[in-house]
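So here's one chain in two forms, each on its own in structure tokens, numbered structure 1 and structure 2.
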Structure 1
């Protein structure tokens, strides 16, 4: 080939390449697109990657980046990135945290098809679809939830002559007495029931709220669109009394004793209440532990996590498609089996529960089982932290257990502080 021919071939090749590029740029939906998922749970990363992989057949040009970081850091990032329009396209947020962004118009409304999917009772209980709705418009797709159940060591139960889990709060205390192991001096070495008595932050108040729910109470009550502290009453007294009696009368647990999942896995406690992630944690750290799970007497706290988007246009379309793909039954089954978080959508999980019976208590709860969630109001974190600080002080005060009046006065002071915070924020119901 002479030099002229070579130039001509090069010219044709260049022309074809340019045409291909122009065609690719104008091809619309077929063009490559990139969306980013921001998650507050690093353990969710493989799940989102799997969802993205599953979308390849329908969206071959879609690239999904998954950026997961622990929850507190995730929240800090969103607080800066959402107002400055530099956040991811799919945000995994708990309703409580999403509220302020919804009010500021930073999270977008779902398209009609997604809204119909979320509102369909065949897919979600009203509890979850309502949580994904803001001012009458669906703004998110519910994905998973944290929900409490009782974990109990079956070997310790058998040794104590107990054939099944406690079913009432009175039984929790009775069982704890039988299950507590003591040294020669009578000091508890293995707690019968691990209660959250110390540690940082609002978890103590949340655990107190879970126990109080079993007595028919709640930390806050909604009246109209305002709120009021509602724990200075019989339910609050019964709950706090049970804690104090466990510490000072029955001596089945102390603030110094190891607590939570690690203690259960090390056989330092016979029973405790926690979310479904513990199933996976036990499988990794203590695979030989003999244990079972059971629903709580009346119901459980539920912390729901949804998928939202701040994006618009083509990115929003892809984001909603991703949220819908995440909710496909096979993905949700994988989520429960491999990550341990409970899907919110109604899907058949029987095969997984058969293989891992410990998930059963989280999915197969009684019909009248109740769910409650912490109010999605601005000062909720401050309220819980303040209540927790007071509870820790109360758990360390042996005088309280001697008189119901003292317990009532303690709760009244704590409730007054909560109401003060609500009043400051213009949220106090009269």
Structure 2
């Protein structure tokens, strides 16, 4: 998958010119007096308010309400509101979660001017424009993506005698042992490598998938137009075994320890894998933190987020105008610099990346670096949630680490549940 367009400035001028024509074509949708943006990322609220503020000159009568709440709650409200036609006018949704709403006809097709903008290769790589297209029709405007890299505390690395980031999964474990800080009893007080071991929802499965990708595996494999669970194998065993050994053998992390970005910013963990938004979060919450980023050993997940609308008429026209305004180069530059999410549109962000080197790992990766994304199928949210629930149970079972056979049996049962969901939906490959 080629997403190197972020680094490329080729065609940017042409894209800007095309975009100007599109914006002109959408200059009339000011009939709607009020529209609402629903976001699943609270840190995006100032961005959307900035976009709305920038639209006032062209749409002085348009009022834009922004409602940004945590992702799990956002997903729940969409599941309830979309079927009852009571959702916001602009919905920020990952493709995988949007699929079931597309199949149900609850998200609307983009007008011709927006479709031309999305399909223009000067604006988006084919990967993104294809993701915004359902059954041959553009149904969304791509906005940003989640892409993982390693964040590591350079002061802790120096204190542990480590001169650079780990480059293999074996090194991740070895480095974690050197980086873990313990009290007099030997209990870990600062984790060497913060793993996603607890918390809600499918994020646990997504993080497991990122680690498994480094071992050459994936949660699901596509065969023809169907899918099959593919984690009950050597890659799945190596991945789960690394988690369990970190918890029960090396004791470099526990489910009870502080985790994720908050722990990293508070110096409660030495390294963790996360998306680029953490760069912006650190700048706000821990500006004095000494850290660096690095590409993962083999590659990363790419989770794309697009803007969709379930609305019709004047509200739909205003919603598409808002989605287009969000993609104006000056707004995307502000998004990366102030929020930290990677824009999907091809715009020149080199000055920001130069000023904030931590973004480098997300755009300057090895030539052979791989990317994967989660399947855009209706039951993907249910599948990830079920896998996550089983993984949390597994992380709490010290018996699993004692036997590869037990790990294999655990993964086989989880895979059977996944295949059962795919079978129920008519999506299981034979």
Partner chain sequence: MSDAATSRSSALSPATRQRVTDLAIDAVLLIFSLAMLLPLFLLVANAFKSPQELLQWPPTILPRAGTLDNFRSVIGDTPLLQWVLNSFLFAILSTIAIVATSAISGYVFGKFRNRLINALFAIILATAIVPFEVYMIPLYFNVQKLGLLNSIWGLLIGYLVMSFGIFLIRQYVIATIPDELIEAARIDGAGEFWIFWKVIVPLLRGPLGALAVLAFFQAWTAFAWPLIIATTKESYTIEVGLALFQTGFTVDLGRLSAAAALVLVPSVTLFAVLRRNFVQGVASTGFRE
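As the structure is a computational prediction, the values presented were derived from the model and not from experiment. Here, rigid core means the biggest group of C-alpha atoms that superpose within 1.5 Å across both forms. Residue numbers count along the first chain shown, from 1.
Please identify the form predicted in complex with its partner chain: structure 1 or structure 2?
Pick structure 1; the other is not the form predicted in complex with its partner chain.
State whether the rigid part containing residue 242 also contains residue 387, for the motion between the two structures.
Same part, yes.
Give the rotation angle, in whole degrees, of the smaller rigid part relative to the larger one between the two structures, based on C-alpha superpositions.
The answer is a rotation of 19 degrees for the smaller part.
For residue 142, what C-alpha shift in Å is seen between the two structures once the core is overlaid?
Rounded to one decimal, the shift is 3.5 Å.
With the two forms matched on the core, what distance in Å separates the two CA positions of residue 126 between the two structures?
Its alpha carbon moves by 4.4 Å.
State the core-superposed CA shift for residue 60 between the two structures, in Å to one decimal.
A shift of 10.9 Å.
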